[in-house]
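Only one chain is given next, in structure tokens, and it is the form predicted alone.
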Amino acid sequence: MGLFRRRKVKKTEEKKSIPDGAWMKCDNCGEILYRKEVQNNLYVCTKCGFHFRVSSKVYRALLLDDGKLIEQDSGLEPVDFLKFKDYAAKIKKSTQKTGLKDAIVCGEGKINGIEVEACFMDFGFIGGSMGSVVGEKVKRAIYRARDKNIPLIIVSSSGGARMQEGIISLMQMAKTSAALNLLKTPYISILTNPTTAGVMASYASLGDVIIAEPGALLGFAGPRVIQQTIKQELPPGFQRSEFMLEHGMIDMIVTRHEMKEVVTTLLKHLS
């Protein structure tokens, strides 16, 4: 028999558990972050300043006074023209996930008291892809801005044209670009991560002022596709906001914390 007996320690309190989803990892610096703190910081990494992708609802709250948008054309829904495999299922899944009927929300709101027509893309809906509904809603928003003589703001977040709608989706590039040619009021295009392909090749790159968030991926074809095609190493930071600013493709880079005030200043000068 041993001389010492293991003493039973009475538990005075249960170990506190960490709720699921309380922590998140930064995609840029790898830091483990407290989710609530990141949310309070406008979904920007508190360590390195990386801008996480956010929903259209979050950006509306960030940019518009009281986050209030008088939504227009909310009844428009995508149509499976080509009976593309699994397209109907993807639409249903994205609608359940985001609460949206398609990848953009448009309507009227105010930015520091200035009335604007505003559109907010949502990457959560089939990668923010542009199909017939997105193109039509953007066109109608442009026409409303023209008719009401108010500025237009479009916040883009998209992987490009929606392949499930084939040529119909590609037509939206020409349609939105032609509509913008009729607009005589200021148009500010805000590019978030990512803004690529058909959207970048149409209305996203046609703003009177083009603003990008830091580190956003911007361009037509993605870096991987380009590298595989030309069989060459691409420059560091290729197609990121900083690269695009240096090469004259955008006008400025603005953080989320400064976005509303910068847009307000631009609207006052342009109007």
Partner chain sequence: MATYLDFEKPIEELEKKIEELKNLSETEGISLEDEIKPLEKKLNDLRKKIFSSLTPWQKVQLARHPDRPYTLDYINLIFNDWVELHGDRLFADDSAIVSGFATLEGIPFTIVGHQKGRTVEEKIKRNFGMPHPEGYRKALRVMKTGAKFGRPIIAFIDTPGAFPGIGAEERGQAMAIAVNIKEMAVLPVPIIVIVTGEGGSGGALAIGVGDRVYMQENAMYSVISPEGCASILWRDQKYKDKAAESLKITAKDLLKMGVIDGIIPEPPGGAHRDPEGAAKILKKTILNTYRELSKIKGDELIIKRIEKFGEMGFFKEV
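Residue numbers count along the first chain shown, from 1. This one's a predicted model, so the numbers in the text were calculated from it and none came from an experiment.
Omitted here: the form predicted in complex with its partner chain. The next part is about that form.
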| property | result |
| --- | --- |
| Contact flag, F238 vs its partner chain in the predicted complex, heavy atom cut 4.5 Å | yes |
| Partner contact for Q96 in the predicted complex: its partner chain, 4.5 angstroms, heavy atom | no |
| Distance check, I226 to its partner chain in the predicted complex, heavy atom within 4.5 Å | yes |
| G75, heavy atom within 4.5 angstroms of its partner chain in the predicted complex | yes |
| Which of 148-156, 108-116, 121-129, 163-171 sits within 4.5 Å of its partner chain in the predicted complex, heavy atom basis | 163-171 |
| L62, A221, C48, L245 - the one with a heavy atom within 4.5 Å of its partner chain in the predicted complex | A221 |
| Residues within stretch 60-87 having a non-hydrogen atom within 4.5 Å of its partner chain in the predicted complex | D73, G75, L76, E77, V79, F81, L82, F84, K85 |
